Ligand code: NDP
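One chain is shown next in structure tokens, namely the form predicted on its own.
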């Protein structure tokens, strides 16, 4: 089978298209023939070596397809099932062996491409808005990178809850996408200071929560736009890691809360994984969550997909097709 392998950490050129044997399932695994693989910033972190994995490894954390082989102890799926997963390396390939307990069923109302596009980013938006800081109707959220993959889904979920959404984006094109997803106010951070604008838009009161996937360039200013006892949810670092930070500043700025969540801890049990993925799929089926699959690349063009992602040239979701 064809797969994208990383033999040494580095830039996009570190990804090689190689030929590997089709995996055989361990007793607790199922083998899935991939229909689509999701491209995410976490893939960049693994490729760069920021997140460690034994070398060489097949990249990719998200996929969807059909079960073609089942291990003797894998009771959660059967041959021919349409399934999706996230949080495990190996999806940039034609086949992947996945622990059966981490596979979730894809309903007939959702396509394999939709499932591959929704698992990581959709469930991330869901846990952020429903659990990490459970948004309530009438509250105000500041969402950075609002036209990105998670951003567009998070804006929609926050809007559906009835929260006021202030979004930050870099271009007019992305501003239009954020508004279309339900953002009430959009700040072009390339033209205006988001700190000053957010304070103006809230009458100096601040927002209830900041959802920040950008990190280094936005974190400290984000703290200053929170209301007293507001919550900073830092769930990514597309601009780099946040520098060391003195926690005393949290008391000085209003007894603030800061959390650095990750999807793995919000899908730690099979029950929670199935419930969360089912909730996201139900939103898609009901038309309450619209996926923007912006670009579909052949597997062989994984390097190009990463360059586009890192160059901030993309909005919505990128997929690889084996």
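Residue numbers count along the first chain shown, from 1. None of these values were measured; they are calculated from a predicted model.
Omitted here: the form predicted together with the ligand. The next part is about that form.
Student: What is the one choice in 166, 120, 181, 83 with a heavy atom within 4.5 Å of the ligand in the predicted complex?
Tutor: Looking at 166, 120, 181, 83 one by one, just 120 meets the 4.5 Å heavy-atom criterion.
Student: Heavy atom within 4.5 Å of the ligand in the predicted complex: which of 252, 160, 109, 170?
Tutor: By the 4.5 Å criterion, the partner-contacting residue is 170.
Student: Should the three residues 148, 235 and 260 be counted as contacting the ligand in the predicted complex, with contact defined as a heavy atom within 4.5 Å for each?
Tutor: Every residue of the spot touches the ligand in the predicted complex.
Student: Counting only non-hydrogen atoms, choose the one of 281-289, 63-71, 267-275, 35-43 that falls within 4.5 Å of the ligand in the predicted complex.
Tutor: Only one stretch qualifies here: 35-43.
Student: Is residue 14 close to the ligand in the predicted complex, meaning a heavy atom pair under 4.5 Å apart or at it?
Tutor: Result no; residue 14 lies far from the ligand in the predicted complex.
Student: Although the ligand is absent from this view, report whether residue 213 comes within 4.5 Å of it in the predicted complex, heavy atoms only.
Tutor: Answer yes; at least one heavy atom of residue 213 falls within 4.5 Å of the ligand in the predicted complex.
Student: According to a 4.5 angstroms non-hydrogen atom cut-off, is residue 310 in contact with the ligand in the predicted complex?
Tutor: Yes, residue 310 is a contact residue.
Student: Check residue 126 for me: does it contact the ligand in the predicted complex (non-hydrogen atoms, 4.5 angstroms)?
Tutor: Heavy-atom contact with the ligand at 4.5 Å: absent for residue 126.
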